[in-house]
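One chain comes next, on its own, written out as structure tokens in the form predicted alone.
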Amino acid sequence: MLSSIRILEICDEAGFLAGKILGDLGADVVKVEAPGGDLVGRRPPYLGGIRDPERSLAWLALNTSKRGVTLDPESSPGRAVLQRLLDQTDVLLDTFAPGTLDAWGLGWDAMQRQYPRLVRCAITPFGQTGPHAQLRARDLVVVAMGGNASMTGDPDRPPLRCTLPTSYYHAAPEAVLGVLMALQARETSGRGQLVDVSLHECQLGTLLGGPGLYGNSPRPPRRSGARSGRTREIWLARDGYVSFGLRGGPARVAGLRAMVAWMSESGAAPAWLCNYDWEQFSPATLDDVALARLEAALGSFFASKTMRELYAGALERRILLAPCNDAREILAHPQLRDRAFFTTLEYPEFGAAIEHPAFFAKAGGLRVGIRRRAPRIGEHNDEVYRALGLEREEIAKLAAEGVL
């Protein structure tokens, strides 16, 4: 799909997934690391528990479909090499702090003059302009300022963030979409554009109606934890958790009846529940004792079965229930297995093979998906820099000087 497009990626982890998606779409993505490797991005956990930046599972997962080089763009010789790379680049994908490229003489105005067809996609915590533009922030700050953390967790305990940096993963497809639109516009205008991606703004977009509720509430909304309103939403299963909304209304009655019938078949429905009037059920008007009795009966049933048993039974009976899948469950998911969603990449240098998601979409006859494993530190230095016209002796000299 993007086989004629060259992407130069100079990103910390906030931009890794965006580069991977573009690579999976067929672009030639050249990933730039600092000399010696991006030791922050090549973070734990490590393959086999062996502390080695080359074994970083985050790196191996987020940098497939890329070639890799090392370069110090902060040095004068490094910037000279960077400019030669930009001569052959369609898209610069970067996470530089606002103003960094300006200080190097490569601000957007200068870049447009020197590389008029270049598309630059800048991913930063708060965008290129505005009151917070000069502040630096990683995922924890973004999910907090973006409202996600305040909505996550039990109401009587501190707010939570996901263990993975989700703000980066939400921003990645937004960045890719911006790049694709800029490339499409270039077909008509002949000129590149600046795609300004704010992690903070992307995070706000994930809250759906959250910002509106916050603005319209007399006081900030409280976290509800495992509950939705008065009723429980997340339930303990035998081997994990499932989501099931104990809510009233015509749309829910059939599912609630089907759930009770299933419990009755299993000998888990008390007599009072078998005769329950779901037509009149409303969590808003039910007293606490009656609501607790309902939740205890349902909770006991859910706790007696595995997530997979509950999901299979819910599908069969058309009940709105879903498992809270972790990585283990996703890897074993029958539908994903049947659709050949996973592919195995070999890592002979580690004596290992790792399963990765093979693709994120299918598009007609076009191949979308992993094209190569993540690059090792400086793996493609010779290949990429020789293509720029640098001789091996010059590459070796720059490496010895710490430029490459």
Partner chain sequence: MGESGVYAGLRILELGAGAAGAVATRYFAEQGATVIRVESAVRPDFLRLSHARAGEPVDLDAAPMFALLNPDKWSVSIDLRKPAGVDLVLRLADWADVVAQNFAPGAMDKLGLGPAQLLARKPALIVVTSALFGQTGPQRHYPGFGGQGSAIAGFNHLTGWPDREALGPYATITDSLSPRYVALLIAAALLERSRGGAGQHIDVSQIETGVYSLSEFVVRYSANGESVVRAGNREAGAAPHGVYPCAGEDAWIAIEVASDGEWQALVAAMGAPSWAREPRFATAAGRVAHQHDLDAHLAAWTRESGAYLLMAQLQEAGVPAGVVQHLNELLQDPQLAHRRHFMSLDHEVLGVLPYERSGFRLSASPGGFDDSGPLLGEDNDTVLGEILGLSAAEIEQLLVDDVIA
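Numbering follows the first chain given and starts at 1. Nothing here was measured: the structure is a model prediction, and the numbers come from that model.
Unshown form predicted in complex with the partner chain; subsequent notes refer to it.
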task: Report yes if any heavy atom of I395 sits within 4.5 Å of a heavy atom of the partner chain in the predicted complex; otherwise report no.
output: no
query: Looking at the partner-bound form in the predicted complex, is S228 within 4.5 Å of the partner chain by any heavy atom?
result: no
Non-hydrogen atom contact E9 with the partner chain in the predicted complex at 4.5 angstroms: no
task: Please run the contact check for T95 against the partner chain in the predicted complex: heavy atoms, 4.5 angstroms, yes or no?
output: no
query: Of L320, A297, A110, A261, which one comes within 4.5 Å of the partner chain in the predicted complex, counting heavy atoms only?
result: L320
message: Quick check on this chain: which one of L273, A292, L135, V253 has a heavy atom within 4.5 Å of the partner chain in the predicted complex?
response: L135
field: in the predicted complex, segment of 29-37, 374-382, 66-74, 353-361 with a heavy atom within 4.5 Å of the partner chain
entry: 353-361
query: Heavy atom within 4.5 Å of the partner chain in the predicted complex: which residues of 25-45 qualify?
result: L25, R43, P45
